[in-house]
Structures are given as C-alpha cells and as structure tokens.
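Given as structure tokens, the chain that follows is alone and in the form predicted alone.
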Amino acid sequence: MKKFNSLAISNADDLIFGNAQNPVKCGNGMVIGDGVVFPEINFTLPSIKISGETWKEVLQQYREIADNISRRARALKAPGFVVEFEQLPPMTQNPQMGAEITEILKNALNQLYQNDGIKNALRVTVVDLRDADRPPQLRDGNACHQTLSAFELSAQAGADILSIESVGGKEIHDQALMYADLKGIIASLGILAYRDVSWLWQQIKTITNRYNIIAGGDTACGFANTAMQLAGQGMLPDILAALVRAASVPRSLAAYENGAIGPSKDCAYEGPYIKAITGTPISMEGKSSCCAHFSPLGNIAAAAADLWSNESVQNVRLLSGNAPEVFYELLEYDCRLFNTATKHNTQRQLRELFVQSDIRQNIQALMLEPETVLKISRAIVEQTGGYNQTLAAAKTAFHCMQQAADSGLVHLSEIESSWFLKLKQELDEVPVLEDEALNWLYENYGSLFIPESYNLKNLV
C-alpha cells in the first residue's frame, strides 16, 4: 500500500491543465498528462430495453457511435482522444455483454489508429453492483462476483483503462447527507468508504496487472456529486456540498494508494486534489457535461484537466448529427484552445480565466481553486489513515470557505450564512479519534451496514 506523505505539486502555478508529474502511456500511442489535453468522449444508449431480443440493436448502436466519432476525429484532424464506455447495469450483471461491446469499440479504435494514425485509448467503467441489496454485502456474494468478473472480461476484450464509481459507505452517507449529519458524513467517507475503496482497488489492480493495462481511478460521484445535485435543487446548502467535496478526497485517494495510476474518472471532481497529491493525470468534466447533469463548476473544472470530458450523452439524433459525435466536436474545440494556450505560453492566463469566471458565483467552485486545492491537499497528506485525513480535509475546507467569505471573494446568502454557523458547530462536535467515530457509527447507523463488508468485525 503506497502512502503519499507530501505533495507532488506544491506550487499552485504548476497545478494546470495538460501537465502531470506522472504521465500515463496507454492504448494506441496515447500519453496523457505530457503537455497536451485530449478529449474523453462518453456516451450511452437512447431509451431502449436491454435484453436478448434487443441485443443486436444495442450492438448496432455502439457500432454506429464508434463509426461516427471516428469520422468526426478524421474530419477534425484530431491528435488523439479517449473513449469511455460506461457500462449500464445489465452489461455488468451479464459481463459477457459488456465484453462484447468493449471488443466492438476497441476494434474501431484500432482501425482508426492503423489507417489514420489518430492516437486513442479505451476506458471501460464497470457498474458497482454491490449495493443492490441493503445492507450491502461488498466483499462477497453474487453482485460482487459479477462486478469483478466484468472487470476481468473487459480487460480480456481490449480495455486499456479500467475505472469504477464505487459505492462502499454510501448506505450511510445517503442518509447522513439528507440530515446534514457531519458526524455520519465524515465517518461514512473516512472509515467505511476509505476501507472499501482500498480493498476494491487491490482486486482491480490484480486484474490490470494480469493483462498489462491501466488501473485508472475511482470517483466520489455517489457522494460529493450527489451533494452537488441536491444543492442545485435547493435541497441542501451549497456550503455543505462544498464541504462534502473536500471530505470525499481521501476515499478516492485510497485507489491510488492501492495501485491506480490515472487518468482519474471524469466525474471525480476531486481530481485536482488527486493530481496535486499523486502527480497522476486527471479527467475532468464541466460545461459540456450539461447533457447529463447541471453544475456550478462549468469552467473552473477545466483548470487542471488532462482529459476533458462531456460526462455521458445519449445516442440521439440532433440537426448536425448524432449527439456523441456532436459532443466529441465540442470537446475537440475546447482542447484546441487548451493546447494553443500552452503552445503560446499563456496557459496560466487561460487557467485564471476559468477560475475567475466561476469562483464568485458559487462557493462550491472554491473547492477547485488551485490555492485552495493545495491547502486542503497539504492538510490531507499531513495525516495518516482515512478518517484523520477526511476530518482534516473537512476542517481545512471550512476554514478556506470562512476566509473566502470574510474577504468578499465569495458571497453567502442569508440562508447559507445561517448554515455556515450550524455546520461550524457540527464540525466542532465530530469525534477526533477514529475509534470514537466508529463507536458512534455503530450506535447511530449500525443497522444499515455489515461490519464484515469493511473488515470491522473485530473492532467492536
């Protein structure tokens, strides 16, 4: 298990798009994080039932997507790109289905590279099925076996990068989030989720080693992005969503402690922290992800991106063409701008514009501001253990928000200000010691999780 005791990037000027301290080579000639930002195109099916009766149509959809994106890449003279195939639940429940689509996509990408010299790589993101039952049985059982089998067969079928949106700890976090229960939020992230990510990525790394492919990274999508979406709907305060964003970093960092090397997952908005701590390249999504969800982070998310993604768009017809090729073109033009700025040595000015255009609009954007990222990242690496790191991240994030509000950098509404005081009190009451937090977790949420799923059976 690798431990990160210092920052890979200690100067905010160096936390910038297109450059990572540890670039990743993968796929057909791709080098990610070595001075160039590439698109990462992500897509899904239109509304269709996935079954034996519709399977030929499903496969044809993916062939069409691959052909259309390849055509657009040729027309735009693309230097390279990454395709992300996010499996849908039936494709992980029946791993051979996911493998068959992986093979179709990989064959199309190989042909594009051989015929046109356009560099590319294929990321496959497997669905984490393990929380299908409640409480979830995370380390054994049919759902766990299906999830791991989907990784294995995807690797066999030609995936270059493997990723997942893991769910360990979510059974507690979902409820704690709705009640703005910081004790539950921090314990679920720092104890349960951290332990699950560590165990899961040991399994994934074994598979990627066997096939000599890349262990990409995890994402706190089910945690921090859930908070972001609830805040966007007015169901939670923005300040709580911002706090959860920072607190989710250590559980995602655990993937890199256990073998992941990047590029991180696009919906992992904790990516800049991962880059600052580990030096690995990251994928980010912003304004072009509005096809899948809205966010207050449309520009600032680009500040440190090495891959620039659109989240996921359905294969539906638009006036110009099908949506995946349309969004591929949007990403390609964005990447031309990134890379032209780098060529003319104006990348820091462009990064600053990305930051300044969002940071005053919503306090959640503060969590992606480079100086703030480094402050919180430094607080994380100064601690050991997932719980200590999570608590340090939350406290440092709160301090950064307080400074930003006091200086006028961000404006808090009257409602947000009242929440600010409430959360300060809650944060002061969070247990300092992990054992105390674990005992509190058993007392208040014990019926919602299985201790053995987190190797906790001997700790009570």
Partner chain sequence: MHDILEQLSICVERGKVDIKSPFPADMKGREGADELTRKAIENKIPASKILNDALMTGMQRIGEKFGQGKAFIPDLLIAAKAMNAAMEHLKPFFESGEAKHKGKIIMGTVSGDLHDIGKNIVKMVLKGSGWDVIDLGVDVSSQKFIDALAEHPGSYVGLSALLTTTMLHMQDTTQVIKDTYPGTKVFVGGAPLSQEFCDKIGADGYFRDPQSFAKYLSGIVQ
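Positions refer to the first chain, counted from 1. Computed from a predicted model, the values in this text were never measured in an experiment.
Another form exists, predicted together with the partner chain; not displayed. Remarks below refer to it.
State yes or no: in the model of the complex, is some non-hydrogen atom of R63 no more than 4.5 angstroms from a non-hydrogen atom of the partner chain? Although the partner chain is absent here, R63 would stay clear of it in the model of the complex, with no heavy atoms inside 4.5 Å.
Heavy atom to heavy atom, is K49 within 4.5 Å of the partner chain in the model of the complex? Yes, contact at 4.5 Å.
Are any of the heavy atoms in A341 no more than 4.5 Å from a heavy atom of the partner chain in the model of the complex? Heavy-atom contact with the partner chain at 4.5 Å: absent for A341.
Although the partner chain is absent from this view, report whether K422 comes within 4.5 Å of it in the model of the complex, heavy atoms only. K422: contacts the partner chain in the model of the complex.
Run the contact test on Q175, L236 and E426 with a 4.5 Å heavy atom cut-off to the partner chain in the model of the complex and return yes or no. Judged in the model of the complex, Q175, L236 and E426 all sit within 4.5 Å of the partner chain.
Single option in T226, Q156, T206, Q146 placed near the partner chain in the model of the complex, where near means a heavy atom within 4.5 Å: Answer to the contact question: T226.
Answer with one of A99, L129, L374, L162: the residue that has a non-hydrogen atom within 4.5 Å of the partner chain in the model of the complex. Contact with the partner chain in the model of the complex is made by L129 alone.
Using a 4.5 Å heavy atom cut-off, indicate which stretch of 176-184, 76-84, 102-110, 361-369 touches the partner chain in the model of the complex. Correct option: 176-184.
Just to make sure I understand: among 375-390, which residues lie within 4.5 Å of the partner chain in the model of the complex, judging by heavy atoms? The stretch 375-390, when checked against the partner chain in the model of the complex, contributes no residue at the 4.5 Å heavy-atom cut-off.
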